[in-house]
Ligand code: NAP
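A lone chain, given as structure tokens: the form predicted on its own.
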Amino acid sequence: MTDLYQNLINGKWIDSGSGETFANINPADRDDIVGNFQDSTVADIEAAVAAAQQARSGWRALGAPRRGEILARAARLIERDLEKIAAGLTREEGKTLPEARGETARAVQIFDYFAGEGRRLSGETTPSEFGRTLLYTVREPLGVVGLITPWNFPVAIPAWKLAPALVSGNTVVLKPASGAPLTALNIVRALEEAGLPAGVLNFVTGSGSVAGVGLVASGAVAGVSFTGSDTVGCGIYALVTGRGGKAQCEMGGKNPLIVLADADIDKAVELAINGAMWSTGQKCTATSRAIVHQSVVEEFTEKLLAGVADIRVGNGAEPETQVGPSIDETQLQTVLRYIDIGKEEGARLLAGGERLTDPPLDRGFFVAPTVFGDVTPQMRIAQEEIFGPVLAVIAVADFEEAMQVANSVRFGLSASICTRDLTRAMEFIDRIEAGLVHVNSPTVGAEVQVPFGGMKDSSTGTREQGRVAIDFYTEIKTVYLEY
């Protein structure tokens, strides 16, 4: 019998008022139903927001150090259940079990880090131009915040939104993506077991078009943090800021790896495969363009193809698997459509390019790791986010052309360069239009103690993770105290 999962509203696990549910399916095996989740209505969202409103004053009054202690307890509980959470993540999202373990361990780090922020949540004192005046600032929570999280990092992204929101004193309504709600639910359960008061965190599943829109549109929600597509994110930003709320949107990427003539080619290939293929390319920081100096493009491509040919695709729960499935049929078809577009535009298909249908892969949403050569910067496969294991190789004449090509897209999330030339590396750092910059390391990956976010259409400007994450979830109050 398939498990039925409920919403958490005001400390109680309850069914949606709709009476309807949706199935969460294992993308590696369509016959495996992970669970049935509530197909929630706007009324469910309103109830969750009302519960968060009611819990605001008590949660704020608890004090940041005490709030941090709850996050620290939650970290230990996630650590305790790491194998269970990781196995569930692999089953519902498809990434390999080692990747799922790593992501769950990262959630532990995130909760630990922001638990410490409970004792560092400070303002500052400033000299006043007036005598006998104490001039200082304090941080105050926004109030009720809505968190809308994606399926590709179903434990890390809820964690890095929840932790700073909660330690800052906000109450929360969390709506996870329907493609991977169980993992987010497991994090909510850890917080509940850690002693989070009723109503402080409310968990509601459902479609973006109903539950998501209801959360974004609620006038009682002071801020919304969203991670997902740029089209949806731009709409959320306009709606929330249009009604006077705060909006934080992390969106797409079209991330380049520049390979210069002096690069260690074996290292460059390693970076390309890591960034483009692992996690099935389903990362906003995934490498989707390899911009390679023409003098080494042949060697780079030859070694790249040899490495890609050795990649083992399969169910992420199997130890030999390196690349799992796309999240669902829709995403798989998107990847296949872009592969067709690449061929139609004149790019040369060098590897992959097809759905994998040999048993047992025929039961899931698998696509072969794909490499295109002879790609020009104007092609759609070099401009638009694909979100699959697809890499476009672009040859350039020199460093100047490489920089021009790298910056020629509307996204600016992550970028990397592979070179032994310190001057070129520093010029790259100075000139690249990206929020995350790597030298001789892959475009993917981010540590919890530093800011995460991009430029141009990748982000709305505010950053997640690190101490600056608190900025979004707080308002600054300036106090003049004359004595």
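Owing to the predicted nature of the structure, the values given are computational and were not obtained by experimental measurement. Numbering starts at 1 and follows the sequence shown.
The next section is about a form of this same protein that is not shown, the form predicted together with the named molecule.
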{"property": "4.5 angstroms heavy atom contact with the named molecule in the predicted bound form for residue 203", "result": "no"}
{"property": "Contact flag, residue 85 vs the named molecule in the predicted bound form, heavy atom cut 4.5 Å", "result": "no"}
{"property": "Partner proximity in the predicted bound form: residue 149 to the named molecule, non-hydrogen atom cutoff 4.5 Å", "result": "yes"}
{"property": "Contact flag, residue 338 vs the named molecule in the predicted bound form, heavy atom cut 4.5 Å", "result": "no"}
{"property": "Contact at 175, 216 and 232 by the named molecule in the predicted bound form, all three, heavy atom at most 4.5 Å", "result": "yes"}
{"property": "Position in contact with the named molecule when the complex is considered in the predicted bound form, options 89, 284, 145, 257, heavy atoms within 4.5 Å", "result": "284"}
{"property": "Listed residue that, although the named molecule is not shown, lies within 4.5 Å of it in the predicted bound form (heavy atoms), from 110, 304, 290, 157", "result": "157"}
{"property": "Contact stretch among 102-110, 349-357, 400-408, 219-227 - heavy atom within 4.5 Å of the named molecule in the predicted bound form", "result": "219-227"}
{"property": "Members of 405-425 lying within 4.5 angstroms of the named molecule, judged by heavy atom, in the predicted bound form", "result": "413"}
